[in-house]
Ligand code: HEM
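First, one chain by itself: the form predicted alone, in structure tokens.
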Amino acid sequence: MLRLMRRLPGLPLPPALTLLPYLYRPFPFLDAMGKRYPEGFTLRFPAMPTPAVVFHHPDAAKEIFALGADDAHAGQINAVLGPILGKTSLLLLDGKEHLRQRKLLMPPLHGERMSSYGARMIALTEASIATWPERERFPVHDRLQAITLDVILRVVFGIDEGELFHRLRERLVGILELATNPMFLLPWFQRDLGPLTRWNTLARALREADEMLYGEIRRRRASGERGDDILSLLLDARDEQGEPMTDSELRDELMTLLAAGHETTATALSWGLRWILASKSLGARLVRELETEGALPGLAPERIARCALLDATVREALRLQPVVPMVGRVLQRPARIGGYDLDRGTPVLVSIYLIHRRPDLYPDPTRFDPDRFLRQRFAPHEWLPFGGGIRRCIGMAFALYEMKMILATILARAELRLPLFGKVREVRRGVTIAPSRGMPLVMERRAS
């Protein structure tokens, strides 16, 4: 490790001072580090006994993503999320336990099942648009969060209208809003110091939400009631030994799908709208594509899914504004990555943001250009907003599909523009990087 530290430099700052710019100015901080250290760099974070090694070359990312389940673990990197997600969350598991849980979760989030979710995603978006104010500035991020939360409750949890729906929704909104505080990413602040502290409020809301979730899991398990929602599919899933998921495993994976598919998707959609509206012609091109593919006026999910420019627009938004700037592993055995010999126990991070901003990979990288995804296919270690390897976000297909359904509906049913004044910048909301002020927009008129 001493040899590594001489070859891969980093900021000579105490861990706390390194953490602050990463928490509150992540993109400018990474831009400066990438420019200063083109081969990679080390960062010292609080509570990490060993400096983290950050790589931002796609070849190094490919090597990290190729590491096996016993070669590198991600659970330690994600452990800070444990108090919210639970100890059996897919994000916190490693090795055989991670692979087992991943196999159980994979089928409901892929394949033909996706098309059955599209109509509900469209209907929820249309209902939301009907409440948006006309000809006045409003933060669209809040509205998109409400849509993605309703998708989670109905499509993932299988809970529709009724007392449980409204009670659980209220608790989850409070939990998700409290969890956006960047300080809660630090173990020091995950302490209950009394009824007046925010962590106490969060812990109480989690207990109340858990009571409702466990009650619904037990009710559905005992009654045999099933739908086409993801919870129903998980209740019937069996591992290779024929064992079902436990109640606590189901609860933790529901919370994981909530955390991975609510704030992240709403944030990615907000950035997507920001860049679509900043373009002079892209919005019109996207509407024409929907018409050409026969997705209008009825908004048929299977036709929306075929729209190549819409897909490219979603991918370009995730390239330019990745909602999570880095992913990581902790080496469980020595490895050679990026030409450097690293010891066991070394945290290795891949900077998604910096790889997505490489001019040798993406010419004119700061320009929003969806056509680059029509001209070229990028490898998994070149376009990586969902991470990669055996730890790539299991909800990737679901998230891409949902983004296309929601964006297509907004473009078809509303005419939007950016306000004349006010600059949008990046702000941290928990683990994600969102647009400031809730991404303000103006709706000129609703489409007929």
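The numbering used is simple: start at 1 and walk along the sequence shown. Being a predicted model, the structure only gives us computed values, none of them experimental.
Below: the form predicted together with the ligand, not depicted.
Contact of residue 399 with the ligand in the predicted bound form (heavy atom, 4.5 Å): Heavy-atom contact with the ligand at 4.5 Å: present for residue 399.
Proximity of residue 410 to the ligand in the predicted bound form, heavy atoms at 4.5 Å: Output for residue 410 is no: heavy atoms all beyond 4.5 Å of the ligand.
task: State yes or no: in the predicted bound form, is some non-hydrogen atom of residue 388 no more than 4.5 angstroms from a non-hydrogen atom of the ligand?
output: Yes.
message: Taking any heavy atom pair closer than or equal to 4.5 Å as contact, tell me whether residue 329 reaches the ligand in the predicted bound form.
response: Close contact exists here: in the predicted bound form, residue 329 approaches the ligand to within 4.5 Å, heavy atoms only.
- prompt: Pick from 125, 270, 351, 256: which has a non-hydrogen atom within 4.5 Å of the ligand in the predicted bound form?
  reply: Contact check passes for 256.
- prompt: Considering 344, 288, 102, 167, which brings a non-hydrogen atom within 4.5 Å of the ligand in the predicted bound form?
  reply: Contact with the ligand in the predicted bound form is made by 102 alone.
task: Could you tell me which stretch in 261-269, 205-213, 289-297, 235-243 has residues with non-hydrogen atoms within 4.5 Å of the ligand in the predicted bound form?
output: Result for this chain: 261-269.
- prompt: Would the ligand be touched by all three of 61, 362 and 433 in the predicted bound form, meaning a heavy atom each within 4.5 Å?
  reply: None of them does, since no heavy atom lies within 4.5 Å of the partner.
query: Which residues in 313-329 have a heavy atom within 4.5 Å of the ligand in the predicted bound form?
result: The stretch touches the partner through 318, 323, 324, 327, 329.
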